[in-house]
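To begin, one chain is listed below as structure tokens, in the form predicted alone.
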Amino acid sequence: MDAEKNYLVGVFDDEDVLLSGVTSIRESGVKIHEVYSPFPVHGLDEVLGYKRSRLPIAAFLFGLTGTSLALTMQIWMLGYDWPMIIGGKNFVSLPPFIPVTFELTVLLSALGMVATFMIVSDLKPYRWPRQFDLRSTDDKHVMAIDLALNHGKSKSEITSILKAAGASEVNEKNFE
């Protein structure tokens, strides 16, 4: 059973206030869990300090696995397990293997990226997603701060930092 997680949730009305607020909050030493926005805010990733995604590396590795699997399977089946002369070609001829190899490469790459994204994003099929504030899907920007990650700061101190950064309201949210 998971331990209870306590968050402070700052609600922002404007994206420009949110961007300057993220900068000032990070400079004050408070660690931000996540920021939710109803639309993409340009520059938010850089301000939050996000690093470039490694998903293309995972896609390449899954695609390489698909290519290797397709070639191994076709060479073994048509060259050694059940050798057949098709169209007068050799047992192991690469041009007829290209369509199957391409399809298995694309299939494993796509499925691997979906699985990697779901694991990294903590999107499990049996788990209901956390909603810090439903207005983050409408017109408000929401900043969640995990109190467990900010050991040196009290709840009231973080609340005052959020208010000074431009949050229109600060709420507490608990999840099990």
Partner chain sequence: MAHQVEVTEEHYVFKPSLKTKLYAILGIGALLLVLGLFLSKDPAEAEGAEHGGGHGGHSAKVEATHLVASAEEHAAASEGHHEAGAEHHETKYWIKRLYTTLWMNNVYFAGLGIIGLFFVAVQYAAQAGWSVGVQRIALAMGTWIPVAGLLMLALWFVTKHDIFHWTHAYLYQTGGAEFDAIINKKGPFFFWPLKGGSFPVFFIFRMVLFFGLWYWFFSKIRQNMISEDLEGGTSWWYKSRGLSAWFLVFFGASSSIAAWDWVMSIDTHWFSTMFGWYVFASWWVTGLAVITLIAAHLKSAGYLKIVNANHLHDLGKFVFAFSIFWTYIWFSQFLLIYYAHIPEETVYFVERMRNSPYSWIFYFNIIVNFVLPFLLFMTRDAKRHLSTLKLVCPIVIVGHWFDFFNMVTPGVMKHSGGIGFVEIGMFMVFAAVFLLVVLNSLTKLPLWGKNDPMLQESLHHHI
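Worth saying up front: this structure is predicted, and the values here are computed from it rather than measured. Numbering follows the first chain given and starts at 1.
FYI, the form predicted together with its partner chain isn't displayed, but the following is about it.
Q: Does its partner chain come within 4.5 Å of any heavy atom of residue 51 in the model of the complex?
A: Heavy-atom contact with its partner chain at 4.5 Å: absent for residue 51.
Q: Please check if residue 151 has a heavy atom lying within 4.5 Å of any heavy atom of its partner chain in the model of the complex.
A: The answer is no: residue 151 has no heavy atom within 4.5 Å of its partner chain.
Q: Give a yes/no on whether residue 27 approaches its partner chain to within 4.5 Å in the model of the complex, heavy atoms considered.
A: No, residue 27 sits far enough from its partner chain in the model of the complex that none of its heavy atoms falls within 4.5 Å.
Q: Does residue 13 reach its partner chain in the model of the complex if we count a contact as any heavy atom within 4.5 Å?
A: Flag for residue 13 set to no.
Q: So which of 112-120, 52-60, 126-134, 30-38 is the stretch with heavy atoms within 4.5 Å of its partner chain in the model of the complex?
A: In the other structure, the partner sits against 52-60.
Q: So which residues in 12-51, when you check its partner chain in the model of the complex, have a heavy atom no farther than 4.5 Å from it?
A: Those in contact are 16, 42, 43, 46.
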